[in-house]
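Okay, here we've got a single chain as structure tokens, the form predicted alone, with questions on binding and movement later.
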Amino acid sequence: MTGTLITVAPTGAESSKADAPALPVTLDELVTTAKECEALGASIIHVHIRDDAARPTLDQGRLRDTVAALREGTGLIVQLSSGGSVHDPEADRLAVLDAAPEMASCTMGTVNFGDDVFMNRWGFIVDLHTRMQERGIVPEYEIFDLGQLTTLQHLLGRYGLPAGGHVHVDLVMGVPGGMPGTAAALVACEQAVRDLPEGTTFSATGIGRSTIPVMLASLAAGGHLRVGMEDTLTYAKGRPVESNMQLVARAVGFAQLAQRPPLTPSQARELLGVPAR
């Protein structure tokens, strides 16, 4: 890899505005954050949305408005989360695709998520994968544990390559109940990625205190980066995150030190098989 794909995940479904005042929960806040992160070097935005009370929602009207505003205001690849919150029903999560994002997440299995369970049945995974194929939406396959890479291998072997023809996975590391956010775990996953179709790429997400170790390990292994306030609210020990831009700027700095500068959105589209606008 000669460049680094940087994804920003600015909001998520877990943190509250009261706990993190800089969390972008309105459409205006989200678009402003997206523009600033794009200017710093991000090329994808991974999107969760909130309602008027700043609670997680999969409201179809809000999703459509969000996709339209981000496409109009930025050149970023717009990737909607099909995970929503752990309490959202499958039908609502599948309906995320009706908002016509350029990309969407597709989680490869059920995982304990702190005190909750993030449910992803095989049948639901197949529905999500095949509907994205039909609609030309490029998936990012979310991997919370090593065995989910084997599930992805089975999915691709049975149902074919995703829209765009390129396989891209995101290793979500450090979730309580999933794989640890360590260099050793990332190396094990990187070895398993080699069993996927030739040219498969991966990014890595370090949750909480695993953010920096995971970023450094991913860059060293030829992977890409996802950062944002969805994944961590602490910049350093005892130092809260001030903004998503602060996290993107650090990721860009690490990528440049690794001599793998950030990919532009157009370069990211070429890599991932996302059509140009």
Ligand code: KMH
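Residue positions are given as counts along the sequence shown, with the first one as 1. Every value quoted in this text rests on a predicted model; they were computed, and no experiment measured them.
Just so it is clear, the following notes concern the form predicted in complex with this ligand, a form of the same protein that is not shown.
When contacts are judged by a 4.5 Å heavy atom cut-off, G83 counts as touching this ligand in the model of the complex.
Contact annotation for T107: at least one heavy atom lies within 4.5 Å of this ligand in the model of the complex. In the model of the complex, this ligand sits within 4.5 Å of a heavy atom belonging to H48. This ligand in the model of the complex comes within 4.5 Å of a heavy atom belonging to E142. Stretch 113-121 is the answer when you ask which of 68-76, 178-186, 157-165, 113-121 has residues with heavy atoms within 4.5 Å of this ligand in the model of the complex. Counting a residue when any of its non-hydrogen atoms is within 4.5 Å of this ligand in the model of the complex, the hits in 7-26 run A13, E14.
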